[in-house]
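Here's a solo chain for you in structure tokens, the form predicted on its own.
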Amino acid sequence: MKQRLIVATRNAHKVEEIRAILSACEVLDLSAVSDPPEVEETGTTFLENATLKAVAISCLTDALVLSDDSGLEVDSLGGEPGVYSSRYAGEDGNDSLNNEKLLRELSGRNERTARFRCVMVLARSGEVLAHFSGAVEGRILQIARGEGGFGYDPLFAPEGYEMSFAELGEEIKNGMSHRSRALEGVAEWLGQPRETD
């Protein structure tokens, strides 16, 4: 019987990525929890925000809860957008507006190195069991490229590639993404093999 794992998110893309990598688990989203609260991300670090979500949701279920906080850190912008990646263009922003703002902020800058960073927290019954992190280095492209992925994927080319995450496809991205690198630690902690093919 598969280990039941509730991911503290409503982001379908994120759940699909986690499900593909942790295929030995029954990966469910927040709809598996009755009337889950909207957990406010008041932390100033990815770890603080991931912990807030994992602890709050794990108090509502007997299942193991996995949460993550992740984002894009651009060196020439002092690490921005960082923990504010999903709301970089404001609370009413979306992927397109966030990408537009990032390109405006980088206009005229030659230094475009960046990384995606992910911190994950496992919790049960309000207690943090473990946390994991992963990062992938790369650079911000001059224009958005590709139809795949989500968030900043069309603007981010990982080290060693000319194409963006949105062009590389899910299989390649899942093999090297910040989330997949954090999930390697999760899979190891769970004692389950990580899906590699």
Ligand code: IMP
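In case it trips you up, residue 1 is the first one in the sequence shown, and so on. None of these values were measured; they are calculated from a predicted model.
Another form, the form predicted in complex with the ligand, is not on view; read the next lines as being about it.
- Heavy atoms within 4.5 Å of the ligand in the model of the complex are found in exactly one of 25 to 33, 137 to 145, 124 to 132, 66 to 74, that being 66 to 74.
- Taking the partner from elsewhere, every residue among Lys14, Glu17 and His178 has a non-hydrogen atom within 4.5 angstroms of the ligand in the model of the complex.
- For Gly151, a non-hydrogen atom is located within 4.5 Å of the ligand in the model of the complex, even though that partner is not displayed.
- At a distance threshold of 4.5 angstroms between non-hydrogen atoms, Glu41 is in contact with the ligand in the model of the complex.
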